[in-house]
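In the block that follows, a single chain appears as structure tokens, in the form predicted on its own.
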Amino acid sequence: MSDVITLTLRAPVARRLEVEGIAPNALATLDESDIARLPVWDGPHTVPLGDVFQVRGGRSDRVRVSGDLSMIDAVGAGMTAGELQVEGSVGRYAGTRMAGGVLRVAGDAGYGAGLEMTGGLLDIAGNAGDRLGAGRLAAARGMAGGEIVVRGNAGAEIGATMRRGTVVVAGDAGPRAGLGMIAGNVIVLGRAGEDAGRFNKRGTIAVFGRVSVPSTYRFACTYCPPHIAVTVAHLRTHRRLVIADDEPTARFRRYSGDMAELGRGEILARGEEP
């Protein structure tokens, strides 16, 4: 048994590969040779994982992956436990259907990171692409639990159709954040793009920078949301995000909506009015 399983990319990847088998819980009972024989999808065909990565160690639920995985999809997909550390960027669908454990990405993550996630922590040090923590296109539900932290910026439609859980973006978010949210929390410490909260049913979207509130929302009040203070303390202490000292007692403008839906959601706007 090894303390850590180490996978090192043998050479730069020129075309998209899918490695859904790289999940700590899936590797915890396998030795080095078994891991090297796991399939990596190259289009409709498979190649052994050992042809793509140099494998060291086995029988551990702690995995470290080195190399630029920006052309490799589904890293950590379906993981339920353990810790997966990627020392670089990842492709699409990182942590999709993740139910537990910790997935840390030292670089950027592509489209659909944390898609349909139900538990665990996905921590992205760089930027994230579109539909972070969302559902698949036309799916009724997206993220249903867990926590996603992006330390850079994120693309469009983060948290779309999410049912439960928390998505935090330390930088700016693209358009349509929280599109069709059923419930849950989307927190943007920077600015949010146009059409935030469209078709939101019961979700909370808190934006610390500027946000343009859709006309289907109604101003309710200005106050200091206690749950935002708790979240800020958690992000500082446990996620080590740098947040201004006055944010725990900051006053937010609360808007209720989307009135085109149930009208029980909210946008909390901290920044200056547009």
Partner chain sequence: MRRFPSARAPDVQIRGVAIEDTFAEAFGMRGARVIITARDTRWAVEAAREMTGFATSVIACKVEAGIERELAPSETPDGRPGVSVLLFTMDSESLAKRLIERIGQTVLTCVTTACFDGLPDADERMSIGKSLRVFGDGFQGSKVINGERYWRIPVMEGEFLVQESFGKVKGVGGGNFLILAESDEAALGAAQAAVDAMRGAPGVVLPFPGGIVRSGSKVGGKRHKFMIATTNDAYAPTLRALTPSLLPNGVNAALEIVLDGLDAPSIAAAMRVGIDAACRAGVHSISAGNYGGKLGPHHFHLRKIMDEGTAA
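Since this is a predicted model, take the numbers as computed values, not measurements. Residue numbers count along the first chain shown, from 1.
Just so it is clear, the following notes concern the form predicted in complex with the partner chain, a form of the same protein that is not shown.
For the three marked residues, 184, 223 and 230, a heavy atom of each sits within 4.5 Å of the partner chain in the predicted bound form. Out of the listed residues 82, 203, 135, 120, 203 is the one that sits within 4.5 Å of the partner chain in the predicted bound form by at least one heavy atom. Of the listed positions (166, 127, 89, 96), a single one reaches within 4.5 angstroms of the partner chain by any non-hydrogen atom in the predicted bound form, namely 166. Heavy atoms of residue 10 never reach within 4.5 Å of the partner chain in the predicted bound form, leaving it off the interface. Not displayed here, the partner chain is kept clear of residue 37 by more than 4.5 Å at the level of heavy atoms in the predicted bound form. Not displayed here, the partner chain is kept clear of residue 16 by more than 4.5 Å at the level of heavy atoms in the predicted bound form.
Using a 4.5 Å cutoff between non-hydrogen atoms, residue 20 does not count as a contact of the partner chain in the predicted bound form. Stretch-level contact check against the partner chain in the predicted bound form with heavy atoms at 4.5 Å: of 195 to 203, 108 to 116, 127 to 135, 151 to 159, the positive one is 195 to 203.
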